[in-house]
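The form predicted alone is given below as one chain in structure tokens.
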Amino acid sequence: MTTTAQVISKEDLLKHWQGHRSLTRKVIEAFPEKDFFEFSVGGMRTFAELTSELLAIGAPAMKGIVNREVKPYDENTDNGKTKADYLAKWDKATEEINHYWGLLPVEDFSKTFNLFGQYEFPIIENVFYFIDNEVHHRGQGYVYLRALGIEPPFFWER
């Protein structure tokens, strides 16, 4: 297989994604403990629930892609009872993403993978989804923080 010119390298795409993850981590940190688990606006999920979704996607998806394991999406993992527990899970997931990213050949990004048995797209499109979904939910977190009278982190501080 011949590799063509790229606009962004595999390494830079990971750096971009991890920059978003770093900012999302700051949003988690900004929440008061109680509000992380209980506060929401307009019937939306709490930020702990949104974080659980993000934790159920990033590292498990990368592991599945690299190992070509099609496993169902599972958001019901125990992420702990405290914000510190969630942050520890977040940090562990970051390490796992970095590990599996290193095992994924650049040539595979154009290959189709049936993520969670539901989303059959080229791997690169799945990665874009991971990032887009996180940005979307982090935006909800910004709204929650502002509603709580808390200044969220600057979005460019990744």
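Given the structure is predicted, the values throughout are model-derived calculations rather than measurements. When you see a residue number, it is the position in the sequence shown, counting from 1.
Another form, the form predicted in complex with another copy of the chain, is not on view; read the next lines as being about it.
### Proximity to another copy of the chain in the predicted complex (heavy atom, within 4.5 Å), stretch among 104-112, 55-63, 87-95, 28-36
Careful reading of the contacts points to 104-112.
### Query
Taking the shortest heavy atom distance, is residue 9 within 4.5 Å of another copy of the chain in the predicted complex?
The answer is yes: residue 9 has a heavy atom within 4.5 Å of another copy of the chain.
### 4.5 angstroms heavy atom contact with another copy of the chain in the predicted complex for residue 44
Close contact exists here: in the predicted complex, residue 44 approaches another copy of the chain to within 4.5 Å, heavy atoms only.
### Message
in the predicted complex, is there a heavy atom of another copy of the chain that lies within 4.5 Å of any heavy atom of residue 69, even though the partner is absent here?
### Response
Flag for residue 69 set to no.
### Task
Evaluate residue 21 for contact with another copy of the chain in the predicted complex, applying a 4.5 angstroms cut-off between non-hydrogen atoms, and reply yes or no.
Residue-level check for residue 21: no, no contact with another copy of the chain.
### Task
Heavy atoms within 4.5 Å of another copy of the chain in the predicted complex is the criterion; list the residues of 108-130 that meet it.
Contacting residues: 109, 124, 128, 129.
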